[in-house]
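Heads up, what comes next is one protein chain in two forms, each shown on its own as structure tokens, labelled structure 1 and structure 2.
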Structure 1
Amino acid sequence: MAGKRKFELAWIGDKEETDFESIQISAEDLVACQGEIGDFKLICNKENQPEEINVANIIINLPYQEEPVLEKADSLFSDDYDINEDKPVIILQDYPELSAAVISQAGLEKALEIKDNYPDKEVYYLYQAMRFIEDNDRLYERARESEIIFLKFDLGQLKIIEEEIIHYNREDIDLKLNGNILAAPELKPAKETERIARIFNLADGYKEYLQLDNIYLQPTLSGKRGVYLLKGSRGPTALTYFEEELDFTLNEVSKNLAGVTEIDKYDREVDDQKCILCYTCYRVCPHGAIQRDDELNSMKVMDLACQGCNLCLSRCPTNAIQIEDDYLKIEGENEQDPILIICENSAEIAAEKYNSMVGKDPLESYQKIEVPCVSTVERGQIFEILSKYSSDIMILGCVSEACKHLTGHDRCQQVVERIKEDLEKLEIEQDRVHYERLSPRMAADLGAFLADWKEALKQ
């Protein structure tokens, strides 16, 4: 296989059938990733793989690790299980934690399979919550008609005795069940997940999976453009809607192949004379947009990967990363109008929704600065605005669940708190600078909030 060949898609882990020119790479063989969306370079160490593989898009599709919840129980997912004809069969779901909806489906199918093969056998189904997706409701009705016994339990109502006897105690029911147990396993990330996260510079997510619980990164987007997460890379919930999420991801790959443009319009340059290669910018970037430039012996910002959060600027210890001078340019000329610094992913979207609802722009009577993330706001910039304008400043950031840049809302709040401390020392009114959070869905709240704020400023 020629080392210079470029693929449209690389699968890290399991490979699905697609029409793309793709290649499969095991997680164990991957050593490094360089480049950005459309032009990734994967470094491998396997003899029958090229040492360098050029790809446009990457899907990380690692399997789950199954960890038994009971030592003497068979896995609910296993086709190889023993049935003792003298004992009942016990399907155990949601122990010790609630299972994904797809596990309810697997449990119902297994219970019906056993009942079909052993019509006279008692089958008990223990669960905390029955999740209904696709045909689960039909399976549930069939199971009840087949006289499968469903026992719902809450925490404290079920105990395991010597790994093979289940004590079920609920209200007036007290049962000790000793039988063939098929239990839903606990699903955990693949052993290579942590190393893959380091290779792609991805943030750790829920229980060490790669997907953070963030609405902007759903369903399969990672923080790094062109890198997608499926199945055991993303978490147990990814099992439930795998086909839909696969279709979404492949559609995103198709759009990328048709052309990719920069997300943020401002260029960020690294001064190679100031850069000390401390890798701080590389570590803090939530989008994997920083890498080393071997020719200049400094770090560099990749334009297509950059999503404009500016964490690299704010954390660089030598101020080696710079952005264009007019970045925080105020739209408006009236020094008396209040100034809004708004996140384009929350307040800006909410304002557009408000305008479409009532036919009025809630931001029209304000001087406005749009930023890709409020984490870009610096103390020095705020004091420069305060020195030029007599207006109050309101910074509108995201709620934590809606922050596209993951931690920008927290950083901005810390910056505002420090600004208020500085204003107090200078004996300047602290309330000249305000900070609030909202989501892009809070259109009505935005209109009402700004009206109240402006009215308060008049008093």
Structure 2
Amino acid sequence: MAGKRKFELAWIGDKEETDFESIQISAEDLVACQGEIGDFKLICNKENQPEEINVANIIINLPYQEEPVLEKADSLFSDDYDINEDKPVIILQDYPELSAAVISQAGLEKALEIKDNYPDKEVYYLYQAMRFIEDNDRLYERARESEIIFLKFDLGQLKIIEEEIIHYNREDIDLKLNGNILAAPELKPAKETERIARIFNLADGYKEYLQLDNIYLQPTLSGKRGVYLLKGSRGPTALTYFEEELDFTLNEVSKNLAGVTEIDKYDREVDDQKCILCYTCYRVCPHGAIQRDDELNSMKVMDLACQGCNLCLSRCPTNAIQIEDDYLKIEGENEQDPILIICENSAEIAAEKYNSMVGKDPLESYQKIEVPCVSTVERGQIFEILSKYSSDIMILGCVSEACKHLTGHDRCQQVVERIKEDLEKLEIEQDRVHYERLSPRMAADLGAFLADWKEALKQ
């Protein structure tokens, strides 16, 4: 018997033409997503009939919602706009906020289209910033030649009066423009975005789009391996480089289809006798790598989706998740040395760079715990170290927006704050625990900073 058909790629939302064996699923029909990269199971609800679709990769490609910025104006994107015989046409870009770069292109094209069709019409083009991508400079040149009037404004230099008249006041120009306005709409995430975020267990990002502002998620990666974000699901700027982003994404899909490997050699096993299905691991996992194992009635970590941060281990209330790796082991020769807990994606890299720059390991003469992410730091672990060792502890996490596990730095900060609070309440010295944020690039800073700290400790 043939196995169930598996698609190479699923498009949630709009579909683009590709060579992959793909399927398009509407965001409204999607109910749940199980499995991991290479073997996702999408549960859909088509007219109340559940349907299960197996796919290897997923691209979420939801449209933007266009929100008009002025009630009485036409949209710059619409082909259906009013032209009044006696009045000029006003193209309004970047109101009230700066528009995405691609809007400059659409605006210029629209202005030229109007000028071509109505050569005698006065066309005003109001903008805060003209963005020159692709052939915008050529369009801009043509527009100037065809006597389109460009008026640049800053906030406060433009007032909309009764939604029809624009009062423009900049330097010595004071104009009241009354004409047909074509305004660039404000772009918002698609209606289903919040639901889709829940289904894929993705964090809401900037302005409720699905992508967080994080260097590890460039350009179209989501926090979940094998799930990609395009256009209106990614963010307000995704329109501008759509073609490039699509190419990148399809290339990633090809690579995935050729085979994917696990992030590390360790298995993270959930003890089904201890797991109470509280879903804490599922909720905290930044990579959507945990799901419920129906057979065992416990949670399970999906090895291909797992990015190895071990946050699930450190947050499980019943200690049900186990790993063979002793990733919290302290390495060092001298028990009197200060203890560093370092993130392997930031401080560790910075230290290596420093070493190759200066020829000296800035981490020598410290005891070290190298962690995949500082979010795995637990209160109990710190208390234990404080009672076993007499030295201070420094936790070196990463900077915001450069955390491979998305929010590890914040989670660690919360833990450190609570530790300090508890120590203060018990009147135990709390200055022994320190927390700093570093980026992998800050090699020189790391060296200087550690030297200073050591000096301070001596005193």
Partner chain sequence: MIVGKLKDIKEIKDSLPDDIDSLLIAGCGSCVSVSLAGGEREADSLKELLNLYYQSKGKSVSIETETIKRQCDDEFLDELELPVARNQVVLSIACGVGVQHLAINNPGKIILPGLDTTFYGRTSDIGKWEEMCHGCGKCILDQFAGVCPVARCSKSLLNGPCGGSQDGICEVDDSIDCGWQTIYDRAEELGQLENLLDFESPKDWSTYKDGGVRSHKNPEFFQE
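Numbering for residues begins at 1 and runs along the sequence of structure 1. Superpose the two forms; the largest set of C-alphas matching within 1.5 Å is the rigid core. These numbers come from a predicted model, not from an experiment.
Where the criterion is the form predicted alone, structure 1 meets it and its counterpart does not. After superposing the rigid core, the C-alpha of residue 381 moves by 2 Å or more between structure 1 and structure 2. With the core held fixed, residue 31 shows a CA shift below 2 Å between structure 1 and structure 2. The rigid-core alignment places the CA of residue 10 less than 2 Å apart between structure 1 and structure 2. Aligning the rigid core leaves the CA of residue 439 displaced by 3.2 Å between structure 1 and structure 2.
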